[in-house]
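The chain below stands alone and is given as structure tokens, in the form predicted on its own.
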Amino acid sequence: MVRQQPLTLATPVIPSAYNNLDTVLKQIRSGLDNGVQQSFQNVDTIHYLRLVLLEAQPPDESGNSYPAKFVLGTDYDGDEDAQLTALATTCGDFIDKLYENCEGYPDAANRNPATRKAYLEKWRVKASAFFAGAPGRTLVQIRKENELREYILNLIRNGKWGSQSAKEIHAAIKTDVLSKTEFQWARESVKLPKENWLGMALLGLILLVLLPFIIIWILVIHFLYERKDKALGLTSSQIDGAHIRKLEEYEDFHNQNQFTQLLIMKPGQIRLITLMGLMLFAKSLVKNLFVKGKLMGIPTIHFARWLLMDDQKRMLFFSNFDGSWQQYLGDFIDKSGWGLTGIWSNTVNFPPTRFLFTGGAYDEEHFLAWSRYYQIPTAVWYCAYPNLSIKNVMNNTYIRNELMLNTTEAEAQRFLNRF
């Protein structure tokens, strides 16, 4: 099974080149919007690509200032070395156009796949946690399985099935598909990931052993930290209208949407250790339990990642999801508000939290306002299959596997119900 992984590169921008990079990003975005083929679209391992320009930030309350940075992120198939090689070779001109505005990029005379790759490798930021909604499915597989579904759907709609049973219809479809050269790959069924209940049992045992320590830790956080925390205290109507309009420029054009958030960590090792512990817990759940298209019961997330940057003082969150922004965060609140609260309460101005996992996100009005306030514009966002939901991706694999079965009547009817 091929692994899906996140690549994140965060690179300082040359101050005098900031406006030029912003212009380049707008040109790329306009090109995508108008159907102009971009070189990264020729890399058949990239599911999503995101380009973000972070403005320089003056000193905050803790005296921390941050230079302008350019962030490139992909969700891809395979290993990181191959992904970097593809960006440095297939996408050479694209990479040059972006990174010549960044500090230390090779001059024009010294740019080649090797020097590009070496430069990109310097700026990698490792994700603290990463979720893939349809683990193991490559981009090529997703596209092929969707083509298969569309072909079978056309057969069903245009066929004259009369009084044939579901089993007979399934058999006829199978015979037709296997007669086509372009669908011979469908003969091989796909092994789907399963929950690792042994791993979950081990996680439960570890948590049970650590429970007394965890309780003490939560009490310390509440009485020594949470009661002193300052909240943003704004409602959605109080968020700057220009900021909201800027975010909405890149929303609801397809069935999918993107979400980019830049957060400032609360000071102190206690908060950092708490976040890292929760990230470790999240990674265990993603690896062992959330392998069938749902994260905490939410069936709309294709990919999500959390990562710490700037000496662990700031956190970036990327998400690619189905539906609207409001629906997405609403699902999170309803189904995993405690998880949202546990993680994001370690960043500044989060709604008041009690005992790490209560309050916070459950204060929906202030949480949604806080989310918008710290959401930042995504300069360029690309999805290789913008009209497929995570449910579609999962369903298409089930269709592929069930097509090859010698079905019972009930199994054949289940197969036909997938269309």
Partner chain sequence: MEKLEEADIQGYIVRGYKHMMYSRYVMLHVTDAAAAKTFLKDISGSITNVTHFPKSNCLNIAFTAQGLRALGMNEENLSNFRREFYEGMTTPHRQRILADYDSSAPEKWRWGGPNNEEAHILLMVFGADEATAINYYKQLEQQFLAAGLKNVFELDGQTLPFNKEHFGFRDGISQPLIKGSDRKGPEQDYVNAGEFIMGYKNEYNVFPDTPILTKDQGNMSDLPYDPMGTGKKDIGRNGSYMVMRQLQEDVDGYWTFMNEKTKNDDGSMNVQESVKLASKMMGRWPSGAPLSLYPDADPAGDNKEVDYYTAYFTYQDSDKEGLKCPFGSHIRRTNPRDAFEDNGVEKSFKLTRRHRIIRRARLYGQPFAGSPTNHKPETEVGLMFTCFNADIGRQFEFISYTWANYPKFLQLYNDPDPVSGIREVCPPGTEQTFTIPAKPVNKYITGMKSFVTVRGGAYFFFPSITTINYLTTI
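Computed from a predicted model, the values in this text were never measured in an experiment. Residue numbers count along the first chain shown, from 1.
Just so you know, the form predicted in complex with its partner chain exists too; it's not on screen, but the next bit is about it.
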### Query
Any idea which of 183 to 191, 332 to 340, 98 to 106, 274 to 282 reaches within 4.5 Å of its partner chain in the model of the complex, heavy atoms considered?
332 to 340
### Task
May I ask you to choose, among S39, N64, N392, Q27, the residue with a heavy atom within 4.5 Å of its partner chain in the model of the complex?
N392
### Message
If the cut-off is 4.5 angstroms on heavy atoms, which of these, I156, I215, L198, V209, is the one near its partner chain in the model of the complex?
### Response
I156
### Query
Does any heavy atom of K126 come within 4.5 Å of a heavy atom of its partner chain in the model of the complex?
no
### Query
Can K313 be called a contact residue for its partner chain in the model of the complex at 4.5 Å between heavy atoms?
no
### Task
With heavy atoms only and a cut-off of 4.5 Å, decide whether K69 touches its partner chain in the model of the complex.
no
### Task
Report whether the minimum heavy atom distance between N396 and its partner chain in the model of the complex is within 4.5 Å.
yes
### Query
If you look in the model of the complex, which residues in 87 to 112 sit within 4.5 Å of its partner chain (heavy atoms)?
none
